[in-house]
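Next up is one chain by itself, shown in structure tokens, the form predicted alone.
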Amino acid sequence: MTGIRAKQKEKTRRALINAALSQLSPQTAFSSLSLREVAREANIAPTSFYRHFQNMDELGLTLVDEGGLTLRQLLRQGRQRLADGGSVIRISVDIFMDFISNNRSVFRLLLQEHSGTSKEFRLAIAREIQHFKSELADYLHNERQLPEDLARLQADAMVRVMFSIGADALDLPASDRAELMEDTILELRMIARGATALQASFSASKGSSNTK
């Protein structure tokens, strides 16, 4: 009996999450949603909402956490696919664009609330973005042998580009997305080659100073 109740509770919780996501649009930010609207969309009584979330902010923060975690897991899996060959940049851009296509409302939430009025939301989204940067920096340092400082800077630049391009891709027709993807891949490769050139320059400078 306990198992049945737990499944029903999770089903209702998921219905509330999906109800909130379904109402997000370019014209409707999460901060403008009301608890009653979300409960009505999920087909539950407004009072039942509190059995699952303390308030709308907790619901929104759950959306941020789940969305960020899903994308990070997908990108990790993409990097693991490199054992079969392929470009880490192309694979990552493909995964990122697929995520946006399949999770428009989640990505829209990240964009809208990143600079929204809620400090709690801004901090939560900033943490998620920092997770992306840290994981990418670790990969660049451990797998591509970049020095930690250069890996951190390259990761920061790449994540900034990806999220900026993601905003452009959000409402872009599918026919225009392929061109945007190729431009993004080229921009990220330019960043990567710049970091490699800097590394070579630093190594040369260090070698020159050691011979003096």
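We number the residues from 1 along the sequence you see. Heads up, when I say rigid core I mean the largest set of C-alphas that superpose within 1.5 Å between the two forms. Bear in mind the structure is a predicted one, so any value in this text is a computation, not a measurement.
Not on display, but discussed next: the form predicted together with the DNA.
**Student:** For a quick test of understanding: in the predicted bound form, does each of Arg36, Arg40 and Ile44 have a heavy atom within 4.5 Å of the DNA?
**Tutor:** Yes, all three are in contact.
**Student:** Although the DNA is absent from this view, report whether Arg14 comes within 4.5 Å of it in the predicted bound form, heavy atoms only.
**Tutor:** Looking in the predicted bound form, residue contacts with the DNA do not include Arg14, since no heavy atom lies within 4.5 Å.
**Student:** Going by a heavy atom distance of 4.5 Å, is Arg189 a contact of the DNA in the predicted bound form?
**Tutor:** So Arg189 does not count as contacting the DNA.
**Student:** Flag Ser164 as yes or no: does it have a non-hydrogen atom within 4.5 angstroms of any non-hydrogen atom of the DNA in the predicted bound form?
**Tutor:** Contact with the DNA, no.
**Student:** When the contact criterion is heavy atoms within 4.5 Å, does Arg144 count as touching the DNA in the predicted bound form?
**Tutor:** Contact check for Arg144: no, nothing within 4.5 Å of the DNA in the predicted bound form.
**Student:** Can you pick the stretch from 27 to 35, 58 to 66, 148 to 156, 177 to 185 whose heavy atoms fall within 4.5 Å of the DNA in the predicted bound form?
**Tutor:** Careful reading of the contacts points to 27 to 35.
**Student:** Using a 4.5 Å cut-off on heavy atoms, what residues in 152 to 182 are near the DNA in the predicted bound form?
**Tutor:** Nothing in this stretch is in contact.
**Student:** How about Ala178 - superposed on the rigid core, does its CA move between this form and the one not shown by 2 Å or more?
**Tutor:** Ala178: C-alpha displaced by less than 2 Å between this form and the one not shown.
**Student:** Return yes or no for Thr196: a CA shift of at least 2 Å between this form and the one not shown, with the rigid core superposed?
**Tutor:** No, because once the rigid core is superposed, the C-alpha of Thr196 moves less than 2 Å between this form and the one not shown.
**Student:** Aligning on the core only, does the CA of Ile44 end up 2 angstroms or more away between this form and the one not shown?
**Tutor:** Yes, the C-alpha position differs by at least 2 Å between this form and the one not shown.
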